[in-house]
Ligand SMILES: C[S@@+](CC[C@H](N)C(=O)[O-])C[C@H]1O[C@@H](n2cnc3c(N)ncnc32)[C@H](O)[C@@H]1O
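Only one chain is shown below, in structure tokens, and it's the form predicted on its own.
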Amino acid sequence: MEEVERLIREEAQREGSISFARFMERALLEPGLGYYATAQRRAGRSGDFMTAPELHPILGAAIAQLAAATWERLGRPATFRWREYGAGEGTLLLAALDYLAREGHPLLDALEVSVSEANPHRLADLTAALAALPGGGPPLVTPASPPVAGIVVANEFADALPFHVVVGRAAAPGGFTERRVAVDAVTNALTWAEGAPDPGVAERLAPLMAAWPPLAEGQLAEISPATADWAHGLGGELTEGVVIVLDYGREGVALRDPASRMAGTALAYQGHRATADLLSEPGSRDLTAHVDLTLLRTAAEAGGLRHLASTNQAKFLATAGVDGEVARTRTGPAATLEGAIALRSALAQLMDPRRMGGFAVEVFVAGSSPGANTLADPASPLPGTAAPNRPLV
């Protein structure tokens, strides 16, 4: 038995059962043992899943365009922060910096970097990669640094924040019970147990679920107070600027439609394969669920952000102003056949609304200064935000 599973088992036996959110915390983040806490690389072709930055640098170039336009409209502040959640080894950040360097953009002289990355090995990789850039790269500041102007980026971060699994039960208080993790008395295996949530948890879940339609009897759904807390705190990350969240998700009502979501959306990923078996091999598999975009926006706005745009990744890329980057890769002086083929292969996924192109992109404005107000000018949309709102697929 792996050590992280032993620790989870002991806690579940001691407590009688634990929430799935607590199971996730230990399975993903247990120091030195959890899925996101070991030296093993999880993202990429040799890992368990692919994200857009692993496919191609084009997303980094697109977000760099958004950052540059934001900096310009704010009056070119002397310090501008790139704040990234779940930065990993810096694949997205380094693509953005590489794009700005090729463009010779003056934003580089103002840029500083702050990242939240739970894995100490990936953080060390990112730190070394920045130090290896010409001039040592932009300074890396701690997440506790006082807020300044900048951009907050969260690419496929919120889907792995801990969530509770609830079960529709008409006879239960509030119309739901909780699907918890216990230890089978006969087999000693981790198993599901249904029961009332802990009192403190119930108080958190009830208001977050208040706008939901009633769950069907036996229907499973995920709810994440951790996502609400994180989104609410984003308003304090910047004095002014933009926040961009990219992830797979849907509106809250759609996620609770029993016709299509009777079993919820939670999945485990390993070796680029998904399974609904969430309890096996804790610490060896990623655990995720679709992001509730309604909850995300509500919490972010309650924390002081202004919602600017809801779009998808395909439309964000199409309107972010990276046509020149595409042309450079295909026909520029340094273009290669391999580079053109890699771009074409990546865009086949990134621009397909049935694949990564359908991932949600939510953009917010921070601050209320005159410069911040120009960021929300509908007559002059920021790069990537001109795409019309539409139901996410």
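The numbering used is simple: start at 1 and walk along the sequence shown. Since we're looking at a predicted model, the values are computed, not measured.
Just so you know, the form predicted in complex with this ligand exists too; it's not on screen, but the next bit is about it.
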query	finding
Candidate spot 53, 116 and 119, all three touching this ligand in the predicted bound form (heavy atom, 4.5 Å)	yes
Proximity to this ligand in the predicted bound form (heavy atom, within 4.5 Å), stretch among 149 to 157, 305 to 313, 166 to 174, 258 to 266	149 to 157
Residue contact check: residue 282 to this ligand in the predicted bound form, 4.5 Å heavy atom	no
4.5 angstroms heavy atom contact with this ligand in the predicted bound form for residue 161	yes
Any non-hydrogen atom of residue 86 within 4.5 angstroms of this ligand in the predicted bound form	yes
Distance check, residue 29 to this ligand in the predicted bound form, heavy atom within 4.5 Å	yes
